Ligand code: HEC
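Consider the single chain below, provided in structure tokens and representing the form predicted on its own.
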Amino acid sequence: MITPGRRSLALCIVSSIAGACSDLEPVRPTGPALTPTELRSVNGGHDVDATLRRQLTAHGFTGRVASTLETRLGRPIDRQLAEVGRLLWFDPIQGLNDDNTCAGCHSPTHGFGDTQPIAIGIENNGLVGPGRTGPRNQRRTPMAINTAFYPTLMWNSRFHAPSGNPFDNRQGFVFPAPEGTSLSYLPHLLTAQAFIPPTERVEAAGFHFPGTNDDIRGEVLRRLNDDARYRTLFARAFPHTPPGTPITFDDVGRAIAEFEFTLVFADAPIDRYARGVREALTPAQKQGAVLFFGRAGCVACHAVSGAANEMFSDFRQHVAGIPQVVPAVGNVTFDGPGANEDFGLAQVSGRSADRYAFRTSPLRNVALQSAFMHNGAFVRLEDAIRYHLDARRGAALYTTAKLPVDMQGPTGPLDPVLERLDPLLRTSAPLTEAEFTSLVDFVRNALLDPAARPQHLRRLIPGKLPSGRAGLVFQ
């Protein structure tokens, strides 16, 4: 069983693989630090540790969620199968446009998340990092680490477990048409979700191959079954399968999901603090945590209780009033009469009342992200948090000047977004600069598992792919 202090199994899988390393240094607070006297003062004269412990207890936060993975799976991680999934993750053999992989948008250099404010899928230049170019999609790619615990996937929650538990398929798994609930027989939401990315035209399939989603998956299987190395890898991963049995997409989905199960990075300073290591948090981070769970109101959406699985998200959809950013060149037609809006949840539900609602972003390891919000509207965590604390004021001051040049054009209409602003965000949460600095410090550094830093995860990039294809280049 995985224990909180143990490193991710992903690192065990490839401990012998050499890889380029680049560090992610923690960003130090830029504002004035709170002195111990000030800490007590802004906390009403109360002991900060006592307050934080009460808050964590009230929310049922244990700091031990990582240790529950194998228990909830009902079995140990299958390392051999996860290794097959790792290779598939980086291999363009799954992408019928022959130029993208899972790793093109879920990069180990950014917590298996996007290197771009808005994703670039097919027709890219072969790079993963700041230099990646090509037509953009509609949203930023979320991080894939810790998704084993997510009951909903994607910004508009179009993939979800109605039970509220990704490990429980008794109420099925729901996907948009044409899949619907047809993948409900699979054991975990991630196993079912693995059926979808190869069929996405803008992400991997491209626009030239004709046919349905099943036709696309059939072509991916033809490629894999025609490859002797993958046939051998799958035969070893499924030793009880009769020799010569063709690879199925169930096999592919299980392999990719197994790799994702190894990407659990939930041993951050806040977890160690919750387990009794008082010095795991700095005094400023403790005050930031007290604000997060208290007066700043962050935990109302970035929840840790119940179905949140200590992931710092309620996994519900909210209108956060985010400016509508539209790239100059893209391969997705945006919503609205001006084709410059993103209707979010309404794309799934068909209800106009759900426009502009997006799933609350989980905050674990958020420091690894290159941009923030569903559309990468902010490239600095400070700006994203400050906007959240007062969306109406932030909207009046918002500029795209810090975004890539191709995202600096006119934004979509913002008034209809603000009209639907979630009631939880209609009242601003004023903080002093010292308080704001401590809040940012908590979110950036106290929620970051050190094992998820780029110099560790880069080791997962294969030196050679089974298919013999050229891999993407990670900057």
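Just count from 1 along the sequence shown to find any residue number. These figures come from a predicted structure and were not determined experimentally.
Unshown form predicted in complex with heme C; subsequent notes refer to it.
J.: Taking the shortest heavy atom distance, is Gly121 within 4.5 Å of heme C in the predicted complex?
T.: Within the cut-off, so yes.
J.: Spell out, yes or no, whether the shortest heavy atom distance between Tyr150 and heme C in the predicted complex is within 4.5 Å.
T.: Result yes; Tyr150 sits at the interface with heme C in the predicted complex.
J.: If you check in the predicted complex, is Arg217 within 4.5 Å of heme C, heavy atoms only?
T.: Output for Arg217 is no: heavy atoms all beyond 4.5 Å of heme C.
J.: Can you work out whether Asn309 and heme C are in contact in the predicted complex, taking contact to mean some heavy atom pair no more than 4.5 Å apart?
T.: Asn309 lies outside the contact set for heme C.
J.: Using a 4.5 Å heavy atom cut-off, are Pro142, Leu190 and Leu363 all in contact with heme C in the predicted complex?
T.: Each of the three qualifies.
J.: Out of Phe343, Trp155, Tyr273, Phe238, which one falls within 4.5 Å of heme C in the predicted complex, going by heavy atoms?
T.: Selected option: Trp155.
J.: Within 4.5 Å, heavy atoms only, which of Arg254, His160, Arg355, His374 is in contact with heme C in the predicted complex?
T.: Contact residue from the list: His374.
J.: Based on heavy atom distances of at most 4.5 Å to heme C in the predicted complex, which listed stretch, 63-71, 49-57, 419-427, 403-411, is the contact stretch?
T.: Flagged stretch: 419-427.
J.: Within 377-398, which residues come within 4.5 Å of heme C in the predicted complex, counting heavy atoms only?
T.: Contacts from 377-398: Leu381, Ile385, His388, Leu389.
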